[in-house]
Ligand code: PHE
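Next up is one chain by itself, shown in structure tokens, the form predicted alone.
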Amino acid sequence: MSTDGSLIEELKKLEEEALASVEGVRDEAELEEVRIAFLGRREGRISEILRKLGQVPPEERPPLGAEANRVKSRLEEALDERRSSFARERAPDRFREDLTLPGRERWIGGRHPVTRVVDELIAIFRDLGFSLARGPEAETEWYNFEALNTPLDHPAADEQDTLYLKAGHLLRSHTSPVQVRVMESHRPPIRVLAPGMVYRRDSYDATHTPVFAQLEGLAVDEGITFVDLKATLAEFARRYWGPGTRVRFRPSFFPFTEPSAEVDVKRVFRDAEGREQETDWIEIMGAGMVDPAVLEASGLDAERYTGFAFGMGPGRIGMLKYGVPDLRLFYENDVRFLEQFAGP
């Protein structure tokens, strides 16, 4: 056997012995002793073998040097791994890596489902000629009640229903004040949509929240009738829920509209087998002709102009659209629920 072959065999046996020694140490002090014993510059056993390279014929030195470097690298890797294991054992439990946990996927953000509904409603009414209007969320009693034909002794103005601030100011309980502000600052024809957040002292349950989104519409011009209101809302319902959607108007009362109505829809669709199905009647909004007192309070001539108004809750529209049984799911920030709506 050549000198080269005997030294290579010696290196392999040394590798096995060194790895076994590393595995058997009990602390970092013993680990350092093993490192010195095998990799030390002066007394290290691998260094001793490398010093014998001068006695090896030149043509046998390359394979011997390559094997020595491989063994050295393998031993250094084993030492680092054992050192890291001691560090993990010293770390507090909360810093230890739990390899049994599944990998965490990156969260993909997206628009909130109620925001999606608002954007869809705005797009439909924009096609019908409505533009957007905004107003302050902290309002006065005049704009929130009195200008809307609602006296301050009306039950809706009671502090049990309204969140009051100071000096006659309050958090608006609907977006109708925006309609008054628009009629004060613009001359007819007017056709606006007023989305925004509103505040009421409602209970927090499956169909109510004290803070929620609302979207109201207003159209004012000469010669507007209830027929225009019905046609506009029927067209909206067909565009939003499908061409087979039916609309029903039931008499109701609102202080700022006369006559007033509750608007219901019945969805007609085909199931997976092609059979025609329909839902029950579902209330989606309140609507009516703008009361002449509201037009006068806004500075418009009620003898010349007429108009219609409507208001809906996008949260409840979203419940119908996505089949959500509880309104609170939209606002609890449960990622397991919201991730269904992730994406553009």
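From 1 onward, residues are counted along the sequence shown. Values in this document were obtained by computation on a predicted structure and should not be read as measured data.
We do not show the form predicted together with the named molecule, though everything after this point is about it.
Undergrad: Looking at 280-288, 66-74, 299-307, 52-60, which stretch has residues with any non-hydrogen atom within 4.5 Å of the named molecule in the predicted bound form?
TA: Comparing against the named molecule in the predicted bound form, the contact stretch is 280-288.
Undergrad: Answer for E216 alone: is it within 4.5 Å of the named molecule in the predicted bound form, judged on heavy atom distances?
TA: Looking in the predicted bound form, residue contacts with the named molecule include E216, since a heavy atom lies within 4.5 Å.
Undergrad: Taking the shortest heavy atom distance, is G311 within 4.5 Å of the named molecule in the predicted bound form?
TA: Looking in the predicted bound form, residue contacts with the named molecule include G311, since a heavy atom lies within 4.5 Å.
Undergrad: Is there any non-hydrogen atom of F256 lying within 4.5 Å of the named molecule in the predicted bound form?
TA: Looking in the predicted bound form, residue contacts with the named molecule include F256, since a heavy atom lies within 4.5 Å.
Undergrad: Is R239 one of the residues lying within 4.5 Å of the named molecule in the predicted bound form, judged by heavy atom distances?
TA: Taking the distances in the predicted bound form, the answer for R239 is no, it never comes within 4.5 Å of the named molecule.
Undergrad: Scan K230, H208, H112, R200 and let me know which has any heavy atom within 4.5 Å of the named molecule in the predicted bound form.
TA: It is R200 that has a heavy atom within 4.5 Å of the partner.
Undergrad: Quick one: from R191, H174, R83, R267, grab the residue that has a heavy atom within 4.5 Å of the named molecule in the predicted bound form.
TA: It is H174 that has a heavy atom within 4.5 Å of the partner.
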